[in-house]
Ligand SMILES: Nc1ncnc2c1ncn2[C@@H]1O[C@H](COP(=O)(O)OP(=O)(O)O)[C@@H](O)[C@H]1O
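We begin with a single chain expressed as structure tokens, specifically the form predicted on its own.
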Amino acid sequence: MKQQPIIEAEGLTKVYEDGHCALDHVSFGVQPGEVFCLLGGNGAGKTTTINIFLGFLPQTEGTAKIHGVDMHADPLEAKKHVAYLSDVVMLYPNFTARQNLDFFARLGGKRNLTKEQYYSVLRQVGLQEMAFEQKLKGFSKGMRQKVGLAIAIIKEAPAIILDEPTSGLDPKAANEFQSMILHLRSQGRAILMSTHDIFRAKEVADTVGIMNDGKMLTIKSRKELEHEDLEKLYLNYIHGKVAA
């Protein structure tokens, strides 16, 4: 029997003032301990979906719930239960890794954490110890992503939303990041990740939702994809060779 989704979209729709429909009645749920990948190209509706879940954008119709809380109706309460990491992590370059972690932890209401607790989380995401007290302005993108993920972890939110998190990372850094995602899944987090990387989606996802032109064309479980060529399936849906 399935649990109540931690991240849940019901009929999400976004129509802009010029009449453009960026999202068309999209529905899905992400369970505890599940990685759900939104797979699609630019303009598919992935980022619009994520922006609604984060309260950055109001929907036209439908609901977006985090841990049972409607983001539009009670955004402050909903945001307590979600952590977010984008492809471009906005951190303070003149702060050290540990200082960035401390700043965002305090912002989230955690004011009594010790230096060793920060170090423990930075070790968890695989940041080398020599970098803990170095300023971020000298960090590679992969190192910044690790600090961003550490911030998401220290919030202890049941829901984690990732927007193209491996974009621009070299293969080694992307592989390390993927391992961290799987570790978070093992802790029972519900993880929603947008990507246009078919290989990464197949490697990490428990469930894949294929999006195009604001529509959710299909949702497939890992079991359903075991004997499928995901790239071929994706292209068939995008080009209309398979009915959505």
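We call the rigid core the largest set of C-alpha positions that still match within 1.5 Å between the two forms. Everything numeric in this text was worked out from a predicted model, so none of it was measured. Note that residue numbering follows the sequence shown and begins at 1.
The same protein also has a form predicted in complex with the ligand, omitted here; what follows describes it.
Trainee: Are Asp18, Gly41 and Gly45 jointly within 4.5 Å of the ligand in the predicted bound form, each by at least one heavy atom?
Mentor: Heavy-atom distance to the ligand in the predicted bound form: all three under 4.5 Å.
Trainee: With the partner left out of view, is Ala22 within 4.5 angstroms of the ligand in the predicted bound form by any non-hydrogen atom?
Mentor: Output for Ala22 is yes: heavy atoms within 4.5 Å of the ligand.
Trainee: Among 201-209, 25-33, 46-54, 185-193, which stretch sits within 4.5 Å of the ligand in the predicted bound form, heavy atoms only?
Mentor: Of the options, only 46-54 has residues within 4.5 Å of the partner.
Trainee: Using a 4.5 Å cut-off on heavy atoms, what residues in 166-187 are near the ligand in the predicted bound form?
Mentor: The stretch does not touch the partner at all.
Trainee: Does the C-alpha of Glu17 move 2 Å or more between this form and the one not shown once the rigid core is lined up?
Mentor: Result for Glu17: yes, a 2 Å-plus shift.
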